[in-house]
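Read the single chain below, which is given as structure tokens and is the form predicted on its own.
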């Protein structure tokens, strides 16, 4: 299929992008890597009157570390972040999750900001952003604002960004001494996850008690979801097999996945149960 007709604009300056968004609002769409947008255009699920190509805009693909926080420009390619030593050291969960995103050919083009703005229910990066309590930096003609990841993802393919705003940077911070992992199950390598878990924990070096636990799930709701009940079950306890199983069961109880042609609600809950226990076991045995 072919996309509907649209006006194509390729600005080279962020201020020009902001001006175009201010002018066209909901009639405009931003083209970053195009891995999600182009198929949606071809299937005519989107019919923008203006397509704004961001690939010539300067200073949107920066990657830096400041005071232990990873600062990633929205146009940083996923493959670049995946292979970056700074990302691996500062926010290893980002790398762990990116290895599950599609195939490396997709990650060569796909951008960090594009995946977060698309906010697909089974996408890995929104789950990572939620778990690491990332900050999303948005710009518009009204200025700049910063939104916490917990307030950014509003549902399937929906974020808190206004039509005239552009995501320019994402800030990831990993608590000192934290261990992380990312697990998911898909029907085939590169497919969307049926269920996935991002996990983080800090372990007392003397007592081996879990001092802090964070868990976030993908593929089991309209967007990424924190598993607060599952976190509470194991926080302050030894990572015994029984405790990990209880956390997995609590995770399954606090979500209501949808049933579709790929998996039933019950199957996704069972997957989440197992993935949470496995993720915590992996972290605590590192």
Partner chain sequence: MTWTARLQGEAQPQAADEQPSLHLGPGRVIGRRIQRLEDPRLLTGQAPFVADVNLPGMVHAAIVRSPAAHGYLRTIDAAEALGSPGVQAVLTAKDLDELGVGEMPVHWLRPGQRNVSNPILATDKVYYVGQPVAVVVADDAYAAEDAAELVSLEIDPLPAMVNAEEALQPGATILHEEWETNLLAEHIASGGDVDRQFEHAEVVIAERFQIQRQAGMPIETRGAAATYDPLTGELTLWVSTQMPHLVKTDICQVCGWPGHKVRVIAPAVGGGFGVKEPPYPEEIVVCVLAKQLARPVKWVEDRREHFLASVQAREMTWDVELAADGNGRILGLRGRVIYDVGGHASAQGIGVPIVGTGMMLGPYDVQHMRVHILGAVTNKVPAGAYRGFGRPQATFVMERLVDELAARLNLDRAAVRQRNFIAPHAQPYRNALGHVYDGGDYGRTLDRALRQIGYDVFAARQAEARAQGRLLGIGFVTFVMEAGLGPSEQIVRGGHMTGTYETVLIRMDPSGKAVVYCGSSSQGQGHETTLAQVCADRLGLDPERDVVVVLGDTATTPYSPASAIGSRVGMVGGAATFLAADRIREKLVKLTAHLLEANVGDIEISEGLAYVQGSKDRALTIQEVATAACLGSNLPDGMLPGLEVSETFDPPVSTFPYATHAATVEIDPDTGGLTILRYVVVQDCGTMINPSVVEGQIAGGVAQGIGGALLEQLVYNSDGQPLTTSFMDYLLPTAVEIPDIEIVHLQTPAPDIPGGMKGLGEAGTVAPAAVLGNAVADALAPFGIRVTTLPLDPDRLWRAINRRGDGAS
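Positions refer to the first chain, counted from 1. Since the model is a prediction, treat every value here as computed from it, not as a measurement.
There is another form of this protein, the form predicted together with its partner chain, and it is not shown here; the text below is about that form.
- Do residue 18 and its partner chain share at least one heavy atom pair within 4.5 Å in the predicted bound form? No.
- Report yes if any heavy atom of residue 207 sits within 4.5 Å of a heavy atom of its partner chain in the predicted bound form; otherwise report no. Residue-level check for residue 207: no, no contact with its partner chain.
- Query: Can any non-hydrogen atom of residue 212 be found within 4.5 angstroms of its partner chain in the predicted bound form?
  - Reply: Flag for residue 212 set to no.
- Look up in the predicted bound form whether residue 66 has a non-hydrogen atom within 4.5 angstroms of its partner chain, and give yes or no. Answer no; every heavy atom of residue 66 is more than 4.5 Å from its partner chain in the predicted bound form.
- Listed range touching its partner chain, judged in the predicted bound form by heavy atoms within 4.5 Å, from 22 to 30, 39 to 47, 215 to 223, 58 to 66: Selected range: 39 to 47.
- Could you run down 4 to 25 and flag each residue that has a heavy atom within 4.5 Å of its partner chain in the predicted bound form? Going through 4 to 25 in order - heavy atoms within 4.5 Å of its partner chain in the predicted bound form - the hits are 4, 5.
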